[in-house]
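Single chain ahead, written as structure tokens, the form predicted alone.
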């Protein structure tokens, strides 16, 4: 049941999974910062795992400081990015530098089946909380570590941020106008690709443990996850000696291929014609059958030679139509075409609504807002979005007292001495 039908669930603390699901009963501790670790944990939490997110007031998760903000006041509890990324998780604060911090963290980690972390190559080892130390006491434990460039090699100790990875992986070199400079694409894709590999690896490790009783340490490389999408360009160089160059919105195997201005403020339509049949459909759909006999456009080869003129003519037509109207005309004619959506378009998209892509939840600091569901659906145990990401330290007492069984007096003493900062 989602919080749309039961809003009170958004703030209900329980040691049981938020909504059951395929991973019900799985216990996860997440030392995740920014996106890589939290997104790995998010997939598990939305499918029923009990995920405890560990933070520190002294070093906030970066995504708590990312917008958009639910209210005018910007606090660690009002960041919409964090509230979305950490849906269904329990949130605690724990200072690992406190004299009891590593001991309490270890107790929590040994309670879990899976530990997720992206705190740096040696951070947990420095506190005596690395995989080898935990596995010596619990051989079945699984640890998934998000790293910048893996745990071996000459650059293993280099830190990783999305903007650097865009450059390092070659994505920036291929993004932008051929006559301009390389560009960083909008969006933190280098942070969002690795956790998808990591989530799959965790499931594989769980299956291995089911069969053998043994856990293992998974190392997810941000660099390698991003280099994966550059495989065609890498192979072209290795086989043919060709170094790919920026092409803007152009394609070597399609014309017209690009985005075209439509009527209205900043409204655009993407068109992708890859076959002669689609070209005929385009000409018929926009009432320009005269182009079918035009020597400038009769084949893909000559259309590529006259692409500037073709793009100008296409935009002469699109600029006279609203984006949605132009899209419907071309799609009805059999031409691949789609609007360039903004946040408003996505919020009102009928296909996303029909799929239940977003679930509305209540957050005591952010207010009522939508949380994304995974892009895949399990037919028997679909994901459940029951509550948004936790407020800072929201479940500290619940986790340590109700789940780990820490006596009330001991918890109060540790709290007064700053262990839970």
Partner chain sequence: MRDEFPVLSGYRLLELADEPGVLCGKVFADLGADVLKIEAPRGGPDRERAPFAGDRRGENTSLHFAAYNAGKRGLTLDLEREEGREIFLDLVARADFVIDSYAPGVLQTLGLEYASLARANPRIIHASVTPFGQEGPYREFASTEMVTSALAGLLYMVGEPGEAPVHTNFPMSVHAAAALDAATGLLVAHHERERSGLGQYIDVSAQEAAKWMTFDVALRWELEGAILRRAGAALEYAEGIRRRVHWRCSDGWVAFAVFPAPSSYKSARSLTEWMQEEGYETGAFGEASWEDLDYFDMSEKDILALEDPVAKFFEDRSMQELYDGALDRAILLAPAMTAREIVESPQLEALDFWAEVADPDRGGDARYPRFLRSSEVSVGVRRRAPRLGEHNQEVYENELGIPAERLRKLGDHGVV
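Just so we're on the same page, rigid core means the largest C-alpha set that superposes within 1.5 Å between forms. Residue numbers count along the first chain shown, from 1. None of the values given here were measured: they were computed from a predicted structure.
We do not show the form predicted in complex with the partner chain, though everything after this point is about it.
- In the predicted complex, the partner chain lies farther than 4.5 Å from every heavy atom of residue 403.
- Proximity of residue 394 to the partner chain in the predicted complex: non-hydrogen atoms within 4.5 Å are absent; the residue sits far from the partner.
- Proximity of residue 24 to the partner chain in the predicted complex falls within the 4.5 Å heavy atom cutoff.
- In the predicted complex, no heavy atom of residue 64 sits within 4.5 Å of the partner chain.
- This chain is drawn without the partner chain; in the predicted complex, the residue among 339, 304, 106, 288 with a heavy atom within 4.5 Å of it is 339.
- Distance criterion of 4.5 Å from any heavy atom to the partner chain in the predicted complex singles out 234 from the list 138, 234, 320, 284.
- Proximity of 169, 272 and 346 to the partner chain in the predicted complex is complete: all three residues have a non-hydrogen atom within 4.5 angstroms.
- Per the 4.5 Å heavy atom criterion, the partner chain in the predicted complex is contacted by stretch 330 to 338, the sole one of 306 to 314, 290 to 298, 330 to 338, 88 to 96.
- Contacts between 200 to 234 and the partner chain, taken as any heavy atom within 4.5 Å in the predicted complex, involve 200, 201, 203, 204, 205, 206, 207, 208, 210, 211, 212, 214, 215, 216, 217, 218, 219, 220, 223, 224, 226, 227, 228, 229, 230, 231, 232, 233, 234.
- For residue 363, a C-alpha deviation of 2 angstroms or more is recorded between the shown form and the other one after rigid-core alignment.
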